[in-house]
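Let's start with one chain on its own, the form predicted alone, as C-alpha cells.
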C-alpha cells in the first residue's frame, strides 16, 4: 500500500515556518497541514478501504504525524511571540523603576591615592618598595632602631603590646621594614616602606590610633646629608608643586644622627612640618651587621598629614568615617 512521504511533509513544514513574518500565519499553516484539505486529512479518508491490519498501522502513523505537526507549530508560535515581545520591549517599553543604587564604578580611597603617588615619586628615582608585618617584635620596632628601654615610646601608654612580656606589638612605625630588609639584603639599599601603623593615641584633629606612613631608607657608600636634602626637596616639589619652599630644622630621633624635621612654607606664609629625617645612626647599621664603609639616610612621612595639607582637610577622622559626601570629593 503506498503511504504518504512524511519526511517530505515535515521538510515542507519547516520551510513554511521559516517564511513566517506575522503571528496569524501560524493559523494558515495549521490549516494547510492539518485542515480538511490537507494531505493528512486526505490520507485519513483512505483508511476505510484498507484491511484491518493496514488500517491500524497506517492510522497510527497518521496520528503520530498529526501530533508532531501540531507540537511543531505550537512550539514555533511561542518562540515567534517571545522574539516579538523582546523587540517590542526594547523599542517601546520604558523602564520607569527608580535606580536607587546607581552603578558609578569603584574609586580608590583618598589615602590609597596619596600613598600610591608618594610611592611613585620615589620609584621614579630608583627606590624599590618593601613590606613587612604589622605585628612586630620589640627588637625590630625599638632595639634595632637604637631606641633604649627607657625611651617614652616604649611605654605601654604609647604602644599597643600583644603580650604581657612586652616582646610583641603592633608596629608603631614602618621603620621595622627597613630593619628586616637590611637583615636579608646586602647594601646598597634604596627602599620605601609604605603601610599602616598603630599607636596608643587619643583621637583628635591630627592624631589617630591607626594611621599610615611611608618611610624611606638609602644605604650606600659616601652618602651625605646633602643627598638626603636633595632627595626630600625633590619629593616635596613633586608632591606640592615646584614653587613650594622648604627648610630643615634640627630635631631628635633615636635612629638618626644628625636628625631634622622638614617644613614647607604654606599659602599663608606659615611653616608647617611634614616629615622627619636624618642620617642613619651607626648603631642601627651595626645591629644589622653592615660594614662601617656604608652610610645612609632615612625619613618618615605620614600619609594622612600629606592628604590633609593638600586637600585642606581639618580632621583626621574624616578619612575613616566612610561618609560618602566626603569620599566622593576625591
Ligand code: DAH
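Residue numbers count along the first chain shown, from 1. Note that the coordinates shown come from a computational prediction; the quantities given were computed from them, not determined experimentally.
Not pictured, yet referred to below: the form predicted together with the ligand.
Trainee: Would you mind picking out the stretch of 173-181, 233-241, 202-210, 73-81 that comes within 4.5 angstroms of the ligand in the predicted bound form, counting non-hydrogen atoms?
Mentor: Partner-contacting stretch among the options: 173-181.
Trainee: Within 4.5 Å, heavy atoms only, which of 284, 298, 262, 303 is in contact with the ligand in the predicted bound form?
Mentor: Selected residue: 298.
Trainee: By the heavy atom within 4.5 Å rule, which residue out of 253, 122, 198, 190 makes contact with the ligand in the predicted bound form?
Mentor: Exactly one residue meets the criterion: 253.
Trainee: Mark residue 215 yes when one of its heavy atoms lies within 4.5 Å of a heavy atom of the ligand in the predicted bound form, and no otherwise.
Mentor: Yes, residue 215 lies within 4.5 Å of the ligand in the predicted bound form.
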